[in-house]
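Single chain ahead, by itself, as structure tokens, in the form predicted on its own.
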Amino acid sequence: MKKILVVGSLNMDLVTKVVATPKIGETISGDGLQFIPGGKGANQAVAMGKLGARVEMIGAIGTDGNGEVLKDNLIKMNVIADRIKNIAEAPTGVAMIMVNASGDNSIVVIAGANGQLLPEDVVDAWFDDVSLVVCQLETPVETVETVLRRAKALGVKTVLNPAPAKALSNELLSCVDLLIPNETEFESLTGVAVETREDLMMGYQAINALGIKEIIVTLGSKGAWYYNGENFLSVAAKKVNAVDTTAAGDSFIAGVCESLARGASMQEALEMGTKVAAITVTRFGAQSSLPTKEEVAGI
């Protein structure tokens, strides 16, 4: 099986538990502080590795302790990390995360070395033996566009998780085969609030005009919807007791991409993504919460 290539961010997550998310100007107490490997790109790569995919991660870390921990964790989780870029001029990226009693989180990301993954770093050798390229938006948008354009030119299927939501050029979007936003990101890109199937189809028309053929919108506790201009598919979210929603979207995307890479149908891919995310939210942290292939098979 060919590789999945994930190009994106690596962050050290500094995580604390709070009873309730503080209001503006309010000071509250946090319960402990944990350092947990994270970053959208690395989360997705690690989740794919734990599911048994052949996956390579490309990103940038600082020459510091956090960077060493993040790279070592990728390798332990069966992710190829030979081309991770080391940056002496910037520290490894950091995310400060508060998780409240309902399992919801508030996150501040400091890009650090992630901001030094540059368009000129992208080379054709990245795409050798690759069937699927997956990007997010925690690295420079110009680099994401270069990766997607190069992959598209080489006949590699491209997947974009447009998170965190940002303004994106038509040129970048025209290089995306499969777009996977959540509800907020979908509205940001299309101007359509997605509440019904008709909303999804209306928003799809705008992005399909740019060349995007397929879209999956994640809907949190309502599951996910897929549309490709002809076929509509849906999957319901599994009912679980959520402890921490960090990496829920990343794990869903990993489940979908791992399934597609091994030739599963889109419906099967949606169901796999939902199972992976359901386990993830019952555990604390980002990469520390991601399930193995055996755990997913058990639900």
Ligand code: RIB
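Remember, it's a predicted structure, so these values are computed and weren't measured experimentally. Sequential numbering from 1, following the sequence displayed.
Quick note: we don't show the form predicted together with the named molecule, though the next part is all about it.
The single contact residue among Ala247, Ile61, Val46, Ile253, judged by any heavy atom lying within 4.5 Å of the named molecule in the predicted complex, is Ala247. Of the residues Ala90, Leu137, Leu210, Val109, just one reaches the named molecule in the predicted complex with a heavy atom at 4.5 Å or closer; this is Val109. The three marked residues, Pro162, Asn182 and Val217, fail to reach the named molecule in the predicted complex, with no heavy atom of any inside 4.5 Å. Annotated contact segment (heavy atom within 4.5 Å of the named molecule in the predicted complex): 101-109, selected among 101-109, 140-148, 219-227, 197-205. Taking the partner from the other structure, the named molecule in the predicted complex has a heavy atom within 4.5 Å of a heavy atom of Gly39. When the named molecule is considered in the predicted complex, Val276 lies well away from it, no heavy atom lying within 4.5 Å. In the predicted complex, the named molecule stays beyond 4.5 Å of every heavy atom belonging to Leu172. Using a 4.5 angstroms limit between non-hydrogen atoms, Thr280 is distant from the named molecule in the predicted complex. Taking a 4.5 Å heavy atom cutoff to the named molecule in the predicted complex, the contacting residues in 90-108 are Ala95, Ile97, Ile107.
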